[in-house]
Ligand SMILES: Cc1cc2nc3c(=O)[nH]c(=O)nc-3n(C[C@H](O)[C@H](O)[C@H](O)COP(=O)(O)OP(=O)(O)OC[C@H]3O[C@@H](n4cnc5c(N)ncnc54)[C@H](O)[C@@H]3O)c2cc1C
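Taking the form predicted alone, here's one chain by itself in structure tokens.
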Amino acid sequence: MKTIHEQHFLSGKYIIVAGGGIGGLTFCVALQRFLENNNQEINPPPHIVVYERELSLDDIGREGYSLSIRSDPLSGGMQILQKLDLLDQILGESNPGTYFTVFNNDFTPLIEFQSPPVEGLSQSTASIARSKLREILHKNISPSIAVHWNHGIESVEELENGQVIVTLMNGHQEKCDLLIAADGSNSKGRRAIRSQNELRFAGAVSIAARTQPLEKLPPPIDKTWGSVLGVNGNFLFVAPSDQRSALWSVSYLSDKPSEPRPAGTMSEEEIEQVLSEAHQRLVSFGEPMPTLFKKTLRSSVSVFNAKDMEPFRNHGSVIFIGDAQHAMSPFAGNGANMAMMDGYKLAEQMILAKHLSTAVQAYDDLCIPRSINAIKMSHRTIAIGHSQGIWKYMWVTMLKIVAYFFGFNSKSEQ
């Protein structure tokens, strides 16, 4: 094995990764993979620690979420998993269905987005529970990397010598040489040192939940997942959250954000109020939505606002990735892909570059344009999904054009 000369800027450095989610764990896996694949080692190696706010790997939090992993030019998540030698593991745990559908409110398909085959990939799109993806990433990080659960980062301070002081939620402080801030859209590190970069309301409010385990997934979500164009401005998303349960989310446009209500924080009376509103908004949707609604797991009900944030360039010893750098609303349908791409590309540039500043600049050059495009796409999705009357069908026509432009195989209802 070839040893990278001791002057490599990562040699002997103490690196803290804030966030044990998709982006942070991908960075950890990718850093080790690049060294192994190039038959290299850094001597002495960097010491890496991950601090995660959630209580454990199994914490319920967002773990009912279903993620779409894609191979199209805007995403590239499938290719990243293949490069990390994780694709087969992911496909073994993936949900039913290999393509995305836009439905009418009676669940007749309007457009089926089937990504064209990609050389070297057994399939070009997959859906997987966030919990399963994170579990696989966690299982594949180096044994030398410690992951500390229930240890969220509360604040960050950059010192004049380039080091970083990190204060944890229990009050403990640590000094590190480099902080990878992958702690999501509400990043405490960003609030501390990049307060000018704030989340903005994207104009839509969502009520979401997942079902109890079902005997079997009802059609059509036993074969696909997707968005449902409704009436009266209500927009629905449905997808398997695992092999036997499903996720649903109904959204509507609003001039101002609603009070966020995370799952597990509401009283029974508040849950009933939210479900009553959801039922009114879902009344125009045909099966399988009535069945899924009846099987809703009450403890999973949540209300959230679509928010995003334009990406910014990194500088100094705190490097932001994923939603901490370019927050995306769920309407982007691309957050997991972007997080994996960020973690992978940052690790790649850090191994290849001779200086931290060079690595970070190269990473930002790759990250910022694609995240800007993804955020723009999310705004179009919000406009399409909540459109009414003739505008709805004009947007469907535009979707077909977009599908053709990006190389999707688009099958429309005859």
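Just so it is clear, the model here is predicted, and its values are computed rather than measured. Numbers for residues come from their place in the sequence shown, where the first is 1.
Another form, the form predicted in complex with this ligand, is not on view; read the next lines as being about it.
Between this ligand and the residues Lys295, Arg194, Lys188, Lys307, the one pair within 4.5 Å by heavy atoms in the predicted complex involves Lys188.
Residue-level contacts in the predicted complex: of Thr125, Ser241, Ser251, Asn337, one residue has a heavy atom within 4.5 Å of this ligand, and it is Asn337. Not displayed here, this ligand is kept clear of Val118 by more than 4.5 Å at the level of heavy atoms in the predicted complex. Proximity of Arg130 to this ligand in the predicted complex falls within the 4.5 Å heavy atom cutoff. A residue is said to contact a partner when one of its heavy atoms sits within 4.5 Å of a partner heavy atom; Gly97 fails this definition for this ligand in the predicted complex, lying far away.
Under a 4.5 angstroms non-hydrogen atom cutoff, this ligand in the predicted complex lacks Leu31 among its neighbouring residues. Proximity of Tyr65, Ala182 and Asp323 to this ligand in the predicted complex is complete: all three residues have a non-hydrogen atom within 4.5 angstroms. Of the candidate stretches 83-91, 152-160, 271-279, 227-235, only 152-160 has residues with heavy atoms within 4.5 Å of this ligand in the predicted complex.
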